[in-house]
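There is one chain below, alone, in structure tokens, taken in the form predicted on its own.
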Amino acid sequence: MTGPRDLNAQIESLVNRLRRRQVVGSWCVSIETAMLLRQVVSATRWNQVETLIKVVKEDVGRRLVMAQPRELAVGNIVCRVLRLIREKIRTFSFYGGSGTGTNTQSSMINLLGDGSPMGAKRASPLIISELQEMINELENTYVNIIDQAMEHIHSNEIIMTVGKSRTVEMFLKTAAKKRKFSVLVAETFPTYLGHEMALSLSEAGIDTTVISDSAIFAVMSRVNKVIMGTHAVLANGGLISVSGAQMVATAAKHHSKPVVVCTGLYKLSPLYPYDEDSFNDLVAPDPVFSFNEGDLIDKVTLLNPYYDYVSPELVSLFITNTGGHPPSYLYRLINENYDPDDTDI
């Protein structure tokens, strides 16, 4: 079993790697966070569930979230683990720790009140088992999403995407094994992630064309649907996606084209966009406006946001690892995966 010193070293290591952006990508961050929290639950000695929740939420979860506040997947996983602990304790208490449905009141007192070591000892393996199932779910996220590709992509369609998304890339490549279609990729200046996406798709034998961002509205009338990825999905159904996604979604809305978002449930956040800019990240403006421009540098203020906020009314469908859902259904997914007491870490 992991000792306290080893556990603290693992926590500090992940905090530092998040802070230095050595762990990037929502999926990688989610896996690392879930595996660390499994170790935390396994190593923590607790008699009352409040002790375990405090360790996961305040001692570990808060440190991870503060290390990289813009990576919402960290907070999502912490909240899901807290919900899992609460639900497993409620179930354990209801069945009296034995599955017989008796001694309910006594078990509830032992686990939530007086603090029975035997009760905690019996409940802890059940929580760890549920955490392992959650990790397995995360590892199979892409498989469950790409299995739905044939339902949403048909022959001779023209599909537009923006930037580079691993989920969308695998989704399109899976459909291309049995369907013939064309893909238009917006280049997403100044990162030019669209070029990387187009190269990967073309190497897989997909008819791919890179278009400039300024041509998005002009070619949208020829497109059948828009398929894009996202960095995070907020509680109201809005997206935090790559810069340029809002322009693509707005153009699709104008031309009445469906916007389909491929994302795992680990990106679904219980947070609301009361301040949209608080979820954004500003990067160096040098790719947009070089320092070689001379005197003009002192006369302008240039912001280079990395993300766009896409309103929920611009999204038609979410394709997740549990199936396809309209934006109006997200409230139920949030209720199923998060506890209201844990949304503020």
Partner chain sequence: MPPPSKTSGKNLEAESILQAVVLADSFNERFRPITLDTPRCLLPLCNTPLIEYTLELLAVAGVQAVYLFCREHSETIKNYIKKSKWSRSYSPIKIITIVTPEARSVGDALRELDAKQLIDSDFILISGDVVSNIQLEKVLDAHRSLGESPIFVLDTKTNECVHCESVELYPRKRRMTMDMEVFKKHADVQIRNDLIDCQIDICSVEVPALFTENFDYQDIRNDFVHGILTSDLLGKTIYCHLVKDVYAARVRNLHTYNAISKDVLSRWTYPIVPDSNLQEGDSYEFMRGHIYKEKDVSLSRLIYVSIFEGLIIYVNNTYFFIISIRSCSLGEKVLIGAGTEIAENVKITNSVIGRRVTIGPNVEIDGAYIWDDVKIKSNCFIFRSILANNVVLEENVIVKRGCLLSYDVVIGPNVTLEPYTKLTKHKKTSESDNEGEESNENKAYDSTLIGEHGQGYIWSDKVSDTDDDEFDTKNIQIAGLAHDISNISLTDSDSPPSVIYESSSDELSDSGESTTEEESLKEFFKEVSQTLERAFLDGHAVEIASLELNTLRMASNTTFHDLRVGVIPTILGQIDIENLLTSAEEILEQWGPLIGKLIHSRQDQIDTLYILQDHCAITQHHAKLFAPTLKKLYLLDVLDEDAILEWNSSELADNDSSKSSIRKKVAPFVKWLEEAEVEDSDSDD
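What you are looking at is a predicted structure, and each value in this text was computed from that prediction instead of being measured. Numbering follows the first chain given and starts at 1.
The discussion below concerns the form predicted together with the partner chain, not included here.
Checked against the partner chain in the model of the complex, the residues E58, E313, E50, D277 give one hit for a heavy atom within 4.5 Å, which is D277.
Across the options 50-58, 33-41, 299-307, 316-324, residues that bring heavy atoms within 4.5 Å of the partner chain in the model of the complex belong to 299-307.
When the partner chain is considered in the model of the complex, C28 lies well away from it, no heavy atom lying within 4.5 Å.
For the chain shown alone, N335 is not a contact residue for the partner chain in the model of the complex, no non-hydrogen atom being within 4.5 angstroms. For the chain shown alone, R45 is not a contact residue for the partner chain in the model of the complex, no non-hydrogen atom being within 4.5 angstroms. In the model of the complex, D277, D281, L282, V283, A284, P285, D286 are the residues of 265-287 with at least one heavy atom within 4.5 Å of the partner chain, listed from first to last.
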